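Only one chain is given next, in structure tokens, and it is the form predicted on its own.
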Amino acid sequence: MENAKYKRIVLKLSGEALAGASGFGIDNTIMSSIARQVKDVVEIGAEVAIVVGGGNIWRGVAGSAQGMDRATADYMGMLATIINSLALQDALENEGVESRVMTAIEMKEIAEPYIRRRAIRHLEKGRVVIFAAGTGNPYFSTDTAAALRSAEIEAEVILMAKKVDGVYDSDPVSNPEAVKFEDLQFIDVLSKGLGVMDSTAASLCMDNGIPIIVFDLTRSGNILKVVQGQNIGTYVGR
């Protein structure tokens, strides 16, 4: 098996990716598949941190749009990410992968508080670290949390797991003529509004020189292929 091109990565999983075809809740088959793929990555020597969204359970923006206080809605979204993180931890440990959930909101009975040096130590010991509760602040997405944690732990790349095989100039589902980008610069993502991640997260990655690879999570084995440096998906950098 090929060695890892990237030594330390942050894998960004959307909550929707965990729901499968139902669009809501947690699909155990998908969770187990992700856990097996992460195990393969760990076995080639990569250090893996994961940031999980919560959109399969609750979306703060949607709650706000319905009249709920935005901060309250966002805190509810953070709790949804913790549920997903615990489920992912369970799936990883069923595969024999040691892991730790670290949350930006303290809840010591079920997870460790996020402490940067402790997170790095876990990674150095070969444990998968799952960052839950976003940044711990309302008005910031889990995309921004992924960018922030990547900068803090000095990750080499962010892997953005999607349901499509890269970044397109328009929605490939509704437009069969959509054109896929192989490489992009951060400024293109921001100026063209390509939807790789929100503008705050993209700007943070640009300012700190953290590349992003957008790839298709639905194809089993793709996480390993990306970490090995195979040319799949769309590469976003300077």
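Residue indices: 1-based, along the sequence shown. As the structure is a computational prediction, the values presented were derived from the model and not from experiment.
We do not show the form predicted together with a small molecule, though everything after this point is about it.
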{"item": "Proximity to the small molecule in the model of the complex (heavy atom, within 4.5 Å), stretch among 121-129, 148-156, 72-80, 134-142", "value": "121-129"}
{"item": "The small molecule contact in the model of the complex: residue 112, any heavy atom under 4.5 Å", "value": "yes"}
{"item": "Residue contact check: residue 117 to the small molecule in the model of the complex, 4.5 Å heavy atom", "value": "no"}
{"item": "Contact label in the model of the complex: residue 162 to the small molecule, heavy atom within 4.5 Å", "value": "no"}
